[in-house]
Ligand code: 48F
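The chain below stands alone and is given as structure tokens, in the form predicted on its own.
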């Protein structure tokens, strides 16, 4: 016999148990796009406690749609990260090509298998800053935020926070508004027009710590530093995720 209240109890108990184990962590990653998922995998593999907070229901960021909605992604570099996750890649005209749906599914799976957790439908609306360092994130349900309800958020403590929110660089904007950033001008420069080759190169170059305890990866790094966007080519974002993981692991 199926009892409706049994289903309710199991869902609530399981979620709350998971959540309460996740309020004091090593690394909080904001955004479950390709760079955030990659960073989570490499950090979790070193037995660090990693949580990704994704404001949408579905992780994957902009990778799902490939280019103009065709579920194909192209890489010039970093394809080995996909292959390590079990994604089938093929060489074509000096590039590497993969199916976008398979890539997202297996990046999510590899991050979870490494020990990372993903909380979807949650928005980071603020950060915790103590003694001049980011020490965590302040979260609320995305549905509450979108409805404009006056509901107070809750806090998660973390030794490091990674902004992997893509073009919007949402966490960096929060810190910029209140404290300024470690950029040449102390502020977010905004991403420039499409230039895939330069955008890919700059994604890796710009990956790093922009405020004590706050790191940027993927397109968030280019948006903060004023570099070009690169469109539907994803190798730089994967390598950026791996790079930020290595940087964070050295500091926590």
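Fair warning: this is a prediction, and the values are worked out from it, not measured in the lab. Positions refer to the first chain, counted from 1.
Same protein, other form: the form predicted together with the named molecule, not shown, and the subject of what follows.
Report whether the minimum heavy atom distance between residue 135 and the named molecule in the predicted bound form is within 4.5 Å. Residue-level check for residue 135: no, no contact with the named molecule.
Find out whether any non-hydrogen atom of residue 122 is located within 4.5 angstroms of the named molecule in the predicted bound form, and reply yes or no. Yes, contact at 4.5 Å.
In the predicted bound form, residue 215 touching the named molecule (heavy atom, 4.5 Å): Answer no; every heavy atom of residue 215 is more than 4.5 Å from the named molecule in the predicted bound form.
Taking the named molecule as it sits in the predicted bound form, is residue 162 in contact with it (heavy atom to heavy atom, 4.5 Å or less)? Result no; residue 162 lies far from the named molecule in the predicted bound form.
Where does the named molecule sit in the predicted bound form: which of 109-117, 76-84, 149-157, 165-173, heavy atoms within 4.5 Å? Result for this chain: 165-173.
Tell me, out of 201, 56, 187, 192, which residue has a non-hydrogen atom within 4.5 angstroms of the named molecule in the predicted bound form. Only one listed residue qualifies here, and that residue is 56.
So which bits of 20-51 sit within 4.5 Å of the named molecule in the predicted bound form, heavy atoms only? 30, 31, 32, 33, 34, 35, 36, in sequence order.
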